[in-house]
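Shown here is one chain on its own, the form predicted alone, set out as structure tokens.
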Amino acid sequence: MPPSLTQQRFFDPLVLAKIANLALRARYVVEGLLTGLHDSHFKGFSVEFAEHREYAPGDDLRHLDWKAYAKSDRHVIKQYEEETNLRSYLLLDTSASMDYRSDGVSKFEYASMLAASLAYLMLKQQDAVGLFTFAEDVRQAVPPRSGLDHLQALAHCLEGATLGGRTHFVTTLRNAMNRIRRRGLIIVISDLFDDPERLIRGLQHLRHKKNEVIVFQILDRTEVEFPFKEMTRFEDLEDELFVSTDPRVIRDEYLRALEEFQNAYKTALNAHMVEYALFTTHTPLDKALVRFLSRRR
């Protein structure tokens, strides 16, 4: 079933058309097998049983495990290594700061469209995709499944997301890992407004578990350029603090602090083989995504 009309706002036809012929390939060895795209250390065992998963409408009934049904009264599907492919997990920030917009779309709306576009791309190449929304902890979780029909569940999760609270990466990543049964590709989409050391510690744990990790930092244009010229009231959306000041007095210091903040992330992520990309909400998503995917290729 395709996404509803309200959910379709996450799937921009222009973006999907631009990325249709690109691929998001795993750079490191992953569990699963997708011929021609992903390497696997299971080669030679691709027809062996891997695990069960819940039956979903549209699944081939020939793969139902009737013995398991007799024992548990649950319909489950047998999955084999050749069918599991790459498992990808999208972690989408829904903290209060993601609700910021100077004009156009908010950071969360842009991040949601990015998540939806990446999900479409990976499902199109037969990967399994899951989605977590988070702030101080995991809020929603959609288990990974393959097939374009899965877009409905992902879009429903995006549509039902509520914004608020503070970002807490250590708790989020720890609890997300408790739900991730097999390693794969983990994509974090956030403005990264948390203590860099805490985030790096959490991502280091993901890499230690042999996951491949990509981090997309989403910022508004004004957060990057700081164009304010008159007395302005600045509010912290997560701590509900505010300050009124002349932005011309603090602009240089703000831009210096922002550069240090980003460089700290870039340096630490690079050291742990975590890929980092900055997307700003004023950049058309199709251009930003094509540029990112082409660079990876």
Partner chain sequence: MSLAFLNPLFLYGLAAASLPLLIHLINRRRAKPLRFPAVQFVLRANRRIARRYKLRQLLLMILRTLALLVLAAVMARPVLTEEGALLSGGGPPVALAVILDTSMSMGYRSGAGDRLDHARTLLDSYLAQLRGEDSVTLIPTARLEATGTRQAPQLVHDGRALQTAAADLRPTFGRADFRGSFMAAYEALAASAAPRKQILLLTDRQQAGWAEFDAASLGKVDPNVLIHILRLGGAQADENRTVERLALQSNVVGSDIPTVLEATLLNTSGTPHRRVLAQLLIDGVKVDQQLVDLPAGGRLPVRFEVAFEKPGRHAGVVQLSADKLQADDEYHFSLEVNDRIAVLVVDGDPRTSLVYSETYFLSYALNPGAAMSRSLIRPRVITASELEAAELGRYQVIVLANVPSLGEEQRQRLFRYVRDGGSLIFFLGTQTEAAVYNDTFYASTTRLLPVPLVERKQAPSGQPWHISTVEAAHPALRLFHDSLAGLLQRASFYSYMQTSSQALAGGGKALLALDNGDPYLVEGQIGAGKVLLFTSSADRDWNDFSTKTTYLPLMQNLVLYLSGAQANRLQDSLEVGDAKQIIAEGRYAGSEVTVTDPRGMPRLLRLQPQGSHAEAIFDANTLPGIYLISGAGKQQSYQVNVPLEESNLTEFPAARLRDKFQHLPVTISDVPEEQPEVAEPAAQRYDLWPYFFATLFGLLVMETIVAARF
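Positions refer to the first chain, counted from 1. If you're wondering where the values come from, they're calculated on a predicted model, not measured in any experiment.
Keep in mind that the form predicted together with the partner chain is not shown, yet the notes after this line are about it.
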Counting only non-hydrogen atoms, the one stretch of 221-229, 126-134, 67-75, 168-176 within 4.5 angstroms of the partner chain in the predicted bound form is 221-229
Check for me whether the partner chain, as it appears in the predicted bound form, comes within 4.5 angstroms of all of M273, F279 and V290 - heavy atoms only. no
Quick one: from F216, F193, Y110, Y89, grab the residue that has a heavy atom within 4.5 Å of the partner chain in the predicted bound form. F193
The partner chain contact at E54 in the predicted bound form, heavy atom, 4.5 Å: no
For L258, is any heavy atom within 4.5 Å of the partner chain in the predicted bound form, or not? yes
Hey, in the predicted bound form, does Y120 get a heavy atom within 4.5 angstroms of the partner chain? no
Partner contact for T267 in the predicted bound form: the partner chain, 4.5 angstroms, heavy atom: no
Going by the partner chain in the predicted bound form, which residues of 97-120 come within 4.5 Å of it through any heavy atom? S97, Y100, K107
